[in-house]
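The chain that follows stands alone, in the form predicted on its own, written as structure tokens.
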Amino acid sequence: MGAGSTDQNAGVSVWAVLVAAGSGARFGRPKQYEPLGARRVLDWSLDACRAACDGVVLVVAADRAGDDEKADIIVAGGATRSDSVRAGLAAVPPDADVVVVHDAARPYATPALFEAVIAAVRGGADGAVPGLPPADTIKRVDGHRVVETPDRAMLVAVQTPQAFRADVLRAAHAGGADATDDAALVEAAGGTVVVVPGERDNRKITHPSDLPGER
């Protein structure tokens, strides 16, 4: 396992697919290469993956596939997030037991959060995602009309890293479907996905104002 991993994962091969192929349309440029402290956003995410996993497949835009990064394997992504995950998954060694998918735009995820989702999969779940109860009331709408106010106690806002049994994740992606996260594909295929406590600081960089010193 990676240098920061725990003994509880001994004997289980865990690989990460780190998705960093986005163009950053809402940010205005590829946010994963923006500075964050003394490093880039991507570097923080890479280090967290390496601390908890045996290997990392980094998925980047095609024009970045030749860059020298701290990943074991670098592959070019696809037109959608799901396409990019599939490209990374295809490069994961076939003997991997668990695959962790993480968005490079979440640089604050800790190795402990990786360990938590990995442990849940080792405990028997097909997949595990970090989740937090939403702070706001959520409304379901049709256009501008509110049609339902779901019970907030039944809702969680999910994050990455998300861990899965490797065979389950491969099967869920085999049909080529798209989803906003990989857990949705596993759920649609009948897999059991559990939630572990997320981290409040594990926010996603979406707009320039999400980075310190930016507005």
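Please read all numbers here as calculations on a predicted model, not as lab measurements. We number the residues from 1 along the sequence you see.
Below, we turn to the form predicted in complex with cytidine-5'-triphosphate (CTP), even though it does not appear here.
A.B. asks: In the predicted bound form, does R26 come within 4.5 Å of cytidine-5'-triphosphate (CTP), counting heavy atoms only?
C.D. replies: Although cytidine-5'-triphosphate (CTP) is absent here, R26 would touch it in the predicted bound form, with heavy atoms inside 4.5 Å.
A.B. asks: Indicate whether cytidine-5'-triphosphate (CTP) has at least one heavy atom within 4.5 Å of a heavy atom of G22 in the predicted bound form.
C.D. replies: Contact check for G22: yes, within 4.5 Å of cytidine-5'-triphosphate (CTP) in the predicted bound form.
A.B. asks: Whether K204 contacts cytidine-5'-triphosphate (CTP) in the predicted bound form should be assessed with a 4.5 Å heavy atom distance threshold; does it?
C.D. replies: The answer is yes: K204 has a heavy atom within 4.5 Å of cytidine-5'-triphosphate (CTP).
A.B. asks: Please run the contact check for L113 against cytidine-5'-triphosphate (CTP) in the predicted bound form: heavy atoms, 4.5 angstroms, yes or no?
C.D. replies: No, L113 stays farther than 4.5 Å from cytidine-5'-triphosphate (CTP) in the predicted bound form.
A.B. asks: Name the stretch: of 137-145, 124-132, 103-111, 89-97, exactly one has residues whose heavy atoms fall within 4.5 Å of cytidine-5'-triphosphate (CTP) in the predicted bound form.
C.D. replies: Comparing against cytidine-5'-triphosphate (CTP) in the predicted bound form, the contact stretch is 103-111.
A.B. asks: With cytidine-5'-triphosphate (CTP) taken in the predicted bound form, which residues across 78-92 come within 4.5 angstroms through any non-hydrogen atom?
C.D. replies: Residues within 4.5 Å: G78, A79, T80, R81, S84.
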